[in-house]
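Have a look below at one chain only, the form predicted on its own, in structure tokens format.
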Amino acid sequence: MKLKELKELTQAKLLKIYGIEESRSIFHLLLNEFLGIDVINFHINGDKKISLDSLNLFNEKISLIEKEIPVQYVIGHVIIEGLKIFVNKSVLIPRPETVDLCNWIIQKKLNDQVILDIGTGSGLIALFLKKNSNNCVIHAWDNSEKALRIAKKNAKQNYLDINFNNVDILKKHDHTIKFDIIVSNPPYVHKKEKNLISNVVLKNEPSEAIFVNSDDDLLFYKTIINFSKSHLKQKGIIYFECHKETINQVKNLLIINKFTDIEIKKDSFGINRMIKANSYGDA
């Protein structure tokens, strides 16, 4: 079978689940990862025949995609700004808006600071900040041991030193460290929105990292803000990724709790997604 014929057959299968652009993207991701053929070489060698072994391997991966397994889980990792992030069903697949949050944080040069990432998942935020900072100490917490195993693997893979801990922010703990920055991308989707989420996400990604298991959509924000009042240094900064429908409510929570210099920022899709505020606490 020729490469261009493989693409036609593959897209016919993928179009049952995905749109044309995403189907094309998935095809090229798998082709590059498992057959070592990038987009340029595909276009140059479209008439080249592939071996039976290569065809069988590729079709095996496509069969997983047809079962609505995300391509990132099929490949086993994502590459984000030079970081190789392993992912499986224990962690969320990193989203562009979370990368936007990271890029916003590093606009302010990070030097000799102590930073906490609450709900680290795959470890993306912690690793991104460590890579793009100078002599900063990064702590990363999660209540899932499975997620922490992946995050630790990612830190080792990328040669980055992160202090990981199994901490449930919703429960009492005795940590006394004070931080210059606290950042979190907590669960913020209400359970009633499940019908708006794709089957690919619902069937594969950890629901506890997506949905708020409470009638209070703002449970994590309230808890983390309260925690930050006593664990942020003077002039410390808190950053959140938020639901576009509740970001103004998060802003009100920060105002009520006497945080200052509150700023909302749009993500790369033009949606109000990120918020930061300064602490008023003692040093």
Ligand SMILES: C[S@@+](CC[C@H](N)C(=O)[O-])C[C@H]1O[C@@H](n2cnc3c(N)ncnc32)[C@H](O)[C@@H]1O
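In this text the structure is predicted, and so the values were computed from the model without any measurement. Just count from 1 along the sequence shown to find any residue number.
One more form of this protein should be noted, the form predicted in complex with the named molecule, which is absent from this view; the next part is about it.
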{"query": "Stretch from 202-210, 107-115, 129-137, 149-157 whose residues place a heavy atom within 4.5 Å of the named molecule in the model of the complex", "finding": "202-210"}
{"query": "In the model of the complex, Ile197 touching the named molecule (heavy atom, 4.5 Å)", "finding": "no"}
{"query": "4.5 angstroms heavy atom contact with the named molecule in the model of the complex for Phe58", "finding": "no"}
{"query": "is_contact(Ile182, the named molecule) in the model of the complex, heavy atom dist at most 4.5 Å", "finding": "no"}
{"query": "Phe227 within 4.5 Å of the named molecule in the model of the complex, heavy atoms", "finding": "no"}
{"query": "Residues from 149-173 in contact with the named molecule (non-hydrogen atom within 4.5 Å) in the model of the complex", "finding": "Val167, Asp168, Ile169, Leu170"}
